[in-house]
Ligand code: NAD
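Heads up, the chain below is alone and in the form predicted alone; it's given as structure tokens.
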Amino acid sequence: MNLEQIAKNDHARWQELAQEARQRIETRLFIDGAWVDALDGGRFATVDPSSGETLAEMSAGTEKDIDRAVSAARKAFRSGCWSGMAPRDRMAVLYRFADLVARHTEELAVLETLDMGKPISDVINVDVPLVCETIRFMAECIDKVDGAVTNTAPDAMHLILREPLGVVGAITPWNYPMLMASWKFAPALAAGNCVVLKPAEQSPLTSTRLAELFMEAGGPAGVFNVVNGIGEVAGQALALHNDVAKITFTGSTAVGKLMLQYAGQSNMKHVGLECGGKSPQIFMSDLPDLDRAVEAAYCGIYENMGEVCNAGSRLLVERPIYDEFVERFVSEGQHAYRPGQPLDPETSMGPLVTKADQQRVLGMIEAGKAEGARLAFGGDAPQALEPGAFVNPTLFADVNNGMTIAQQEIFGPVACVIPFDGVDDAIRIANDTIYGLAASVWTRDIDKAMHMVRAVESGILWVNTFDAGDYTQPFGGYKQSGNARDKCIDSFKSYTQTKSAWIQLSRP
């Protein structure tokens, strides 16, 4: 079934598919090409955040399960069954893998929506296609990234080889369970590594299915392993394991710092971090199109329920257009995203991932009101959708950048509008944060735009757009937003290391 046919499914059809999916949820771990129970027999619940109902009791991996997964991965790596495979053959496996993911769009989409509440239309139109694109892009890199032969004296030859690291441990978040996982496992696998994936315990359902599809595509056993479990147990064990050559992590800044500590406490493994954000969108009074700018503002914070690392949560607006900007945002943005049942194709905003996250976000909203920000709309949970973890789209105006809601990552559908006076003031406010993941600047003045491109401290900066790009664009941040660069050829390279081979020759 192709995407066009899948997109014709109505709410009743998706509910039917969801009921079928619930009956065949795989709860075990996937290690060395086989389904296995956790050695200690522990379990944890994964919950449908739209209803609060438990979907399944998943096997909870511990240090023992991480050790056997890493052992399987290390054995597979050393055997050369994957790292020693001819580059074009490895490419072929990954291309087949991407094709299988696309073929199973319906199944994967239902699991993703049930598990973390993402609207089904978003999963089938955005997430699954981008997972396939990620795998294919990284496959294309396999025979495009090469080493070097340097220019030496006639009696020597110097080769710089690029080799895989070995076993890569990947710890991934719940906001984009499949996509963020693919940003880790696809380049790691393409580079010839073996992978142990620990998905977020809030959304584990699709990861083991992806590993199974990799095997179906021809991937050898032990190359792609998945251990579900609690972060403080399984995730910590993976980051501390001495046979893991790299840990790649997307999640909170606080846990990212722990990853660095664990690397130092163990084997000084490579660490790639993509952490939090508090991204500013800077709207100058000379911006080219106010309607398009306002649309980018509310889409940039309300997409995916605001559960986005680079969400444009701080809207910096120059005073001459401030009142009109806020007025248009209230008029257009208030009803652009309406919370609803995520299996309904008409729904544009699902629940937050857990009830605890709902309460945390509502608490942040109360903090904003207490600190004097003006609540323009929202600020509550839709009563008709209880007991789901929903929060209505929310806008605060007249925010000071020192307020809690302007400094802390909310990770929910809460936008903050902050007035500023001139370029220097905008740069000062934009950079007044511990984060530096992304930013945007809206102006018709190219000199002003280029000045701000250089002055704003962020790993990604868009001009007159937001959250645009392709797989030539590195994704990653400055400061406490982390040090990794995902979704690009540099990501592929980050899962390799160079070896210098100096060969002494006899003079002719």
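The first residue of the shown sequence is 1; numbering continues from there. Bear in mind that the values here come from a model prediction, so they are computed numbers and not experimental data.
The next section is about a form of this same protein that is not shown, the form predicted in complex with ligand NAD.
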Work out which of Glu201, Asp122, Glu133, Glu318 lies within 4.5 Å of ligand NAD in the model of the complex, going by heavy atoms.
-> Glu201
What is the one choice in Glu303, Glu106, Glu409, Glu212 with a heavy atom within 4.5 Å of ligand NAD in the model of the complex?
-> Glu409
May I ask you to check whether Trp174 falls inside a 4.5 Å heavy atom distance of ligand NAD in the model of the complex?
-> yes
Please run the contact check for Thr347 against ligand NAD in the model of the complex: heavy atoms, 4.5 angstroms, yes or no?
-> no
Though only this chain appears here, would Phe224 touch ligand NAD in the model of the complex if you measure heavy atom gaps against 4.5 Å?
-> no
Any chance Gly272 has a heavy atom within 4.5 Å of ligand NAD in the model of the complex?
-> no
Answer range among 413-421, 113-121, 273-281, 330-338 for contact with ligand NAD, defined in the model of the complex as heavy atoms within 4.5 Å = 273-281
Residues Leu287, Phe325 and Asn464 all lining ligand NAD in the model of the complex, heavy atom within 4.5 Å = no
Even though the chain is shown alone, can you say which residues of 235-251 have a heavy atom within 4.5 Å of ligand NAD in the model of the complex?
-> Gly235, Gln236, Phe249, Thr250, Gly251
